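Single chain ahead, by itself, as structure tokens, in the form predicted on its own.
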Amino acid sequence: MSKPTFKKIVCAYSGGLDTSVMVPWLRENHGAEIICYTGDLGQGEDLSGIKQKALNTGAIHSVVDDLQARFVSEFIWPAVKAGAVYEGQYPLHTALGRPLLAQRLVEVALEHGADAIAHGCTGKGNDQVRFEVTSKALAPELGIVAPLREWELLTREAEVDYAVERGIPIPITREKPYSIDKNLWGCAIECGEMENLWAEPPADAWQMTKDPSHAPKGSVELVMSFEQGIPVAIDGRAMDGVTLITYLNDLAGTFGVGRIDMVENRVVGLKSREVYEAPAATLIHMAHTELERITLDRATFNYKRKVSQDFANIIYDGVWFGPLRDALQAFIDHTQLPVTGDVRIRVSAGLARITGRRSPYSLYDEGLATYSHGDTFDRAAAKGFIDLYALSYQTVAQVRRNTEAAIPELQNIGEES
């Protein structure tokens, strides 16, 4: 056994394969006392069971928190208001949970006089960045142990064998070596057959969504109500955030809506095939964006699209507690003041589509938009607008025509473009 580096380590504990193996490994290789920390973000686990399992694997203490309401109010809703979707597809459910878990991990370490934290993130994943940057930002004096970057268990099969030898129950088998990371906002599924980019995800890999081909016939229509960018009711029935998201996960999941299969660019520089499920997130982001379309002016709407990508990158890159996120959040919150109203969505097998939208702050003017009676648009103003709008292009064309003989290369510019 190596010489102990730390006396007491607070370990992020999920009860999955990596963390189940990590507790005895830390004791055997670092000789430290281990405190396990588990935050419930809506993953559907039995909290009492996880706590007992942590103690049975060698932890001296186990702390379990219900963080669902805090997760929604402090992380999910800000991300929704921002329109944060990584690389156009991923609603960032795992990435959003990490700063909250890391924050609580640090708090528990300080409360119990620990001198280090430990996480079960791999050496090639994004989560190691999110946990460690958060820890360094909040408590730089704490040490950090990352067993998966140190230990000899280089494959999931080796971890399974290690757990079996020590009688540790694990949630996967050699036959179904999936890594499942689920919370209220969605589910991430990795490894196994899905590492082959050409292979379709196995039917038994999906956790939150039904196969669209087996979904109920017909469709269901719902109305989602927002107040300043936050969904607050379904079909006129007010709901708190946890209840609303849970309801939409069940409804959209039943129809197979919210399946995502993508190859994304990880923080550490490699590409990774990721399979996600995000039933509620899919509907909420869709409805929120549609409401912004009618309540934000053109310049603000388009500029916010740029900010949305920057905000998504901040979440994905693990720098939630940095100053840029605070600054962008202030801009985003201001844009959301008029984003109040209702969006109607029809959900059917594997599909969700907008069928209606309304807001007391809508900038849509039917008189300006209509081609029927009641048209208030001044057509005579169009010519002057176009003349001024095209003036710079007209000037360029005239200059090029006059200088083509002197600069022959200019003749091909218009054709090449």
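When you see a residue number, it is the position in the sequence shown, counting from 1. Just so we're clear, the structure is a prediction, and the values are computed from it rather than from any experiment.
The form predicted together with a small molecule exists for this protein as well; it is not shown, and the discussion that follows is about that form.
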4.5 Å heavy atom contact with the small molecule in the predicted bound form for all of Tyr90, Arg130 and Glu274: yes
Name the residue from Ser308, Ser135, Thr340, Asn126 that puts a heavy atom within 4.5 Å of the small molecule in the predicted bound form. Asn126
Of Ile332, Leu148, Ala116, Ala188, the only residue with a heavy atom within 4.5 Å of the small molecule in the predicted bound form is Ala188
Just to confirm the contact call: exactly one of 94-102, 203-211, 156-164, 289-297 touches the small molecule in the predicted bound form at a 4.5 Å heavy atom cutoff, so which is it? 94-102
At 4.5 Å between heavy atoms, is Ser179 in contact with the small molecule in the predicted bound form? yes
Please tell me whether any heavy atom belonging to Tyr316 falls inside 4.5 Å of a heavy atom of the small molecule, as the geometry stands in the predicted bound form. yes
Answer for Glu264 alone: is it within 4.5 Å of the small molecule in the predicted bound form, judged on heavy atom distances? yes
